[in-house]
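Take a look at this single chain in structure tokens; it is the form predicted alone.
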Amino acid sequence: MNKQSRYYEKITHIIFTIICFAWVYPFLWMVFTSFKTEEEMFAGGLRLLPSHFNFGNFIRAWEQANFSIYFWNTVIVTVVGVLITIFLTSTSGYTLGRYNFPGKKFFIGTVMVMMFMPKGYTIIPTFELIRQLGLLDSLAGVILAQVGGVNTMGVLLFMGAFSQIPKELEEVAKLDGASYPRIFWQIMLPMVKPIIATVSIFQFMSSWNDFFTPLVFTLGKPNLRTLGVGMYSFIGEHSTDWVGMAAAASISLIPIIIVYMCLQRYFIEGIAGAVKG
């Protein structure tokens, strides 16, 4: 590499570093604002670091704003939703990726169309169905409303992954007397761990950050709110507790960061495999 190429490389790195910092600056500002007082937030403008770190905002968000309750509601909704989503998308993707049957192309096309359908179009029939099941104002109703639609991306990712696995593995397992459920759970599913991690992260983020669905299905029971809906606790009639809201937002982001860091390797492998396939 000559001197001119190294010079352009350094310039490129500097430019992209500045762009990345500008990209993450709002997030950093929110996190550091959660340690500030209300007066310091307005007086400090875009300054990041607080004069001193105030943890009272987190205590107020966790206790007075009922985020301790909202947090565990969100954990239940998210974890159960992820498990159901993995089951539905993996079984659907396995069927579409491994077997040929009449109407397969039409079914795949229907799944693709569902990707472009706005969620607002289906909320009324979903609400009516949950109401008839007697699950309004319950966490079970929220979970079913979140996972009841077609997770198109998850189905397609599993379909692509399963279609690339050699059929000889299934044939050998059948000769050994393995049943179809056993082949799926013990042989095929462990081979697509990166896709499981990818779909889990996407569904985790979707359920954890969801606002519209929990709001609609928990109107009658505020104690069943999730973190996204609970943010309204900081908005008063005449004022808004901005630093408390920043602290609550920081609390809600911690599990997402932890889950992503734990599944990062599988997530990258899953995306790379999907692009390659």
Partner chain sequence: MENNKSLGKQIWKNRWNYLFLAPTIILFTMFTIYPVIASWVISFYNWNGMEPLNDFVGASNFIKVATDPGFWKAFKNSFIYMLGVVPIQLSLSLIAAIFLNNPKLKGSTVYRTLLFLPVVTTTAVVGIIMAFIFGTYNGVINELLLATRLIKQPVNWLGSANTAMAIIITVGIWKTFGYNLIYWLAGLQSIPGELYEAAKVDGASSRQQFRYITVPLLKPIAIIIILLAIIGSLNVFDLVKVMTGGGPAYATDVVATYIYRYAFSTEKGIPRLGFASAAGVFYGVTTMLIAIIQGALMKNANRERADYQL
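These figures come from a predicted structure and were not determined experimentally. Heads up, when I say rigid core I mean the largest set of C-alphas that superpose within 1.5 Å between the two forms. Positions refer to the first chain, counted from 1.
Note that the form predicted in complex with its partner chain isn't included here; everything after this is about it.
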### Message
By the heavy atom within 4.5 Å rule, which residue out of 133, 191, 83, 169 makes contact with its partner chain in the predicted complex?
### Response
133
### Task
Look at the candidate spot formed by 62, 139 and 197 and say whether its partner chain comes within 4.5 Å of a heavy atom in all three of them in the predicted complex.
no
### Query
Are any of the heavy atoms in residue 26 no more than 4.5 Å from a heavy atom of its partner chain in the predicted complex?
yes
### Message
Is residue 76 part of the interface with its partner chain in the predicted complex - any heavy atom within 4.5 Å?
### Response
no
### Query
Can residue 173 be called a contact residue for its partner chain in the predicted complex at 4.5 Å between heavy atoms?
no
### Query
With the partner left out of view, is residue 123 within 4.5 angstroms of its partner chain in the predicted complex by any non-hydrogen atom?
yes
#### Entry: Any residue of 5 to 26 that, in the predicted complex, places a heavy atom within 4.5 Å of its partner chain
9, 12, 13, 16, 17, 19, 20, 23, 24, 25, 26
### Task
For residue 36, decide whether the Cα shift between this form and the one not shown is 2 Å or greater, given a superposition on the rigid core.
yes
### residue 107 C-alpha relocation of at least 2 Å between this form and the one not shown, rigid core basis
yes
### Task
Inspect the rigid-core superposition and answer whether the C-alpha of residue 190 shifts by 2 angstroms or more between this form and the one not shown.
no
